[in-house]
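Quick heads-up: it's one chain on its own, the form predicted on its own, in structure tokens.
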């Protein structure tokens, strides 16, 4: 009987690791990918939807079309994991056993964790929310917009900054920037968690006349008074609130032996094995690693997992060049007005982002289109 490899999650990490395993093992194992959706979503594109600069219909493809023909696709939602019996139960009651499990279950937004946020705020971190924010911005005719981060960690850490820069451009294009005030909030004492990125972003915010409100840890929102309150005692009135909600891991993983109370999976930082369970691996947003929750993170992690599982099945030592994750991440940072910067970093080397320029912006635009052909399929 073939070894059973089960991959939970049809996002960048799950799709890529399944395809890499299928190529490496060439039928020597039964690979099943479980996804809640039959579509694969390109989440970075949601940043542009609120401004009307991206058709949301172009941001998804059939998941099956991206998978190697050797992979079994199961559409369903995971409801429970028993890591001791090595069984995953789906919401429809079916049970799937495994010899190796890859958790690529991502993260989810939980606005309900902040009183009033779901009713009083907007965001662009889901397909539906991005479209809802588009409608709100179309109706906006001037006033005070508060943009901020409602909890750490959250996926795509630079996206709130990018949204703020693009919002300035959008309002300018519409001719209502002078009638609008933008306030950007962040939970710590600078505008981004990584100091070198904050050093680039802060002057840009000042140049665009965006007021930065740091040490703003969102406590509650009053949607009737249109007020956002911080734990530090700051009160911010708004006409439009764009606040990135708190995030958690998958609901079924909360308080599971493999995860913490928030659902973040306890992951070894170099091997990506789940702590205490050598036959379970995790990658992407779902891990508890001190690294960005971004598609590129999963992109660099997936080959490590594929190599380690393949080596184990083939009874050999993993290739040291491909079996250790060093924390590598690459993120674009849109600065508006057809300019962008780029962040390259790992566990030991902080990013040194260059000044935003047109070349990097168009590089990102090209990558957005090439993603489908290069990343989830394992071509890049």
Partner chain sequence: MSMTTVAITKEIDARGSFCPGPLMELIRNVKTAQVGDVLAVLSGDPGSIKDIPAWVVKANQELVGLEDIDGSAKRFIVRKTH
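Residue numbers count along the first chain shown, from 1. All of these numbers come straight from a predicted model, not from anything done at the bench.
Just so it is clear, the following notes concern the form predicted together with its partner chain, a form of the same protein that is not shown.
Look at the stretches 224-232, 298-306, 98-106, 251-259 and give the one with heavy atoms within 4.5 Å of its partner chain in the predicted complex.
Heavy atoms within 4.5 Å of its partner chain in the predicted complex occur in 224-232.
Residue-level contact is defined here as any heavy atom of the residue lying within 4.5 Å of its partner chain in the predicted complex; does residue 188 satisfy this criterion?
Heavy-atom contact with its partner chain at 4.5 Å: present for residue 188.
Is it the case that residue 215, even though its partner is missing from this view, gets within 4.5 Å of its partner chain in the predicted complex, heavy atoms only?
Residue 215: yes, in contact with its partner chain in the predicted complex.
Any of the heavy atoms of residue 194 lying within 4.5 Å of its partner chain in the predicted complex?
Residue 194 belongs to the contact set for its partner chain.
Taking heavy atoms and a 4.5 Å cut-off, does residue 124 contact its partner chain in the predicted complex?
No, residue 124 stays farther than 4.5 Å from its partner chain in the predicted complex.
Given that its partner chain is left out here, which of 118, 79, 176, 152 has a heavy atom within 4.5 Å of it in the predicted complex?
So the residue touching its partner chain in the predicted complex, by this definition, is 152.
Note which of 52, 350, 354, 56 lies within 4.5 Å of its partner chain in the predicted complex, where distance is taken over heavy atoms; exactly one does.
Among 52, 350, 354, 56, a heavy atom within 4.5 Å of its partner chain in the predicted complex occurs only for 350.
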